[in-house]
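Consider the single chain below, provided in structure tokens and representing the form predicted on its own.
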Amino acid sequence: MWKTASILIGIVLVLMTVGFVMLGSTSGVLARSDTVGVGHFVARQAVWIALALVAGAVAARLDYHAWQRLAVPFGLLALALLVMALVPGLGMRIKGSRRWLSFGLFHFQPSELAKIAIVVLLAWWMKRQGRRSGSLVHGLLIPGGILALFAGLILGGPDVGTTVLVMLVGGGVLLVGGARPLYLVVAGAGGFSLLTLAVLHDELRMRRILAFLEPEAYARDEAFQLINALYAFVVGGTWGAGFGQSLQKRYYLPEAHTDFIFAIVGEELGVFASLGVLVLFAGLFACGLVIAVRAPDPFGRLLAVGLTLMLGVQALMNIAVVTGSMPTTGIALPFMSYGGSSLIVSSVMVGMLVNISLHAGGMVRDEDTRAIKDRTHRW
């Protein structure tokens, strides 16, 4: 399994490198408009990458069985931070959304931490249930209630994209954990019906839906980013306009260095580079599934499935938004978009997958594993 872990680490390092290089090309115009140095965003991202690598290395060395002992306190911490982000005076309001907490120069998005907490909690719960995981109460109502609590707080941001992400991934973990598909289908239909009602009562989100359906009618406002992202791919064509030659990043695509960085890859480097990024994410997803299949115990399998889905589905959603395949949501492209919260949390997820892989390959001493299991057995 060391080979799978090595490939996974290599893919992540390539994605980080590509994202960092494209940030260098993309962020200069925005930096000048914000009256900060041209290298402002590049320097900050270099710090985030360094911290992400350290965080990922620490997660890779932490025996994944320890997450069972941490599941409940970690989940409570994530919930507390989500609540704090919604409280005026504690949470930061940026572009109409209250999703951030400020710690001096450091801004943190609690929903990123909640992604790991949700996976850990659901994996821990479903592993504990064993044969009861197929029952309505233990396999759906209790874990579904946990998932609904997290999703409701994230939606309160409001953050529809991340809400959809955690609902999909949570459902995937419950399915693999033994929940009955019929229960999940019914619960999923009910959950997305409530989400639809919430969107219908949110004028901004509703306009984004309409802009997705009729982009030409909203070309000057809600569909502005979408149309210019599509223009970027058209201009890039097969071979791209050339590194640093993007036109769309010059104030036509406001979030070019964050949520829409994939569009700049297509414009400057062309369709083959875009397909290359897709192949890298497909490789990451495949490595995660291999690790999940070969995990040495049910908790490791459920944890690996949840982490893999979280990274893979998030990447798919971002690319779908940028290519006009789904309505615009503020969701980052893992390892490539500018920002610290997403990068560090994504790296921790990869580190956790690497640790599961090492256990599956017998590269961790049995006595260390037994000691962790003994301490977590009572949970």
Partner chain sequence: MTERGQIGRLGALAFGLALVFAGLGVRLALLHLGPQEPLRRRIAATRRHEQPILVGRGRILDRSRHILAMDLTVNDVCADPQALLRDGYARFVGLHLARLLDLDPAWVMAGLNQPERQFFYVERRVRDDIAEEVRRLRLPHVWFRPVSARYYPHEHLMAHVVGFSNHEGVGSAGAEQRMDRYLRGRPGVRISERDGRGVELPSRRSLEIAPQEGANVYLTLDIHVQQMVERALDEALERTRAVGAWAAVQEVRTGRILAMASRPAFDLNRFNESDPEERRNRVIGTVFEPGSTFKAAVIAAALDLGVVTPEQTFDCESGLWMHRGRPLRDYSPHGVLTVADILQKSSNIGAAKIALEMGEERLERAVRAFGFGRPSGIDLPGEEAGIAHPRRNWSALSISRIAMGHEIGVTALQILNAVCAIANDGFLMQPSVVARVETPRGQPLYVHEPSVIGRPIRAPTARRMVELMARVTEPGGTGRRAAVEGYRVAGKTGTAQKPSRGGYAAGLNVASFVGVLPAERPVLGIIVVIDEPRGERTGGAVAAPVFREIAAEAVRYLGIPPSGEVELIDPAARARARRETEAGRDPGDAL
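Everything numeric here is computed off the predicted structure, so don't read it as measured data. Residue numbers count along the first chain shown, from 1.
The form predicted in complex with the partner chain exists for this protein as well; it is not shown, and the discussion that follows is about that form.
Not one of Y218, S342 and V348 is positioned with any heavy atom within 4.5 Å of the partner chain in the predicted complex. Contact with the partner chain in the predicted complex, defined as any heavy atom within 4.5 Å, is confined among 56 to 64, 309 to 317, 327 to 335, 39 to 47 to 309 to 317. Looking at T258, you'd find every heavy atom of it more than 4.5 angstroms from the partner chain in the predicted complex. Put simply, F262 is close to the partner chain in the predicted complex: some heavy atom of it is within 4.5 Å. The closest non-hydrogen atom of A223 lies beyond 4.5 Å of the partner chain in the predicted complex.
The partner chain in the predicted complex is not approached by G139, whose heavy atoms all lie more than 4.5 angstroms from it.
Here is the short version: of P158, G91, G178, G191, the single residue with a heavy atom within 4.5 Å of the partner chain in the predicted complex is G178. Residue F281 is the only one of F281, W100, Y183, F74 with a heavy atom lying within 4.5 Å of the partner chain in the predicted complex. In sequence order, F262, G266, G270, V271, S274, L275, L278, F281, A282, F285 are the residues of 254 to 286 having a heavy atom within 4.5 Å of the partner chain in the predicted complex; the partner itself is omitted from this view.
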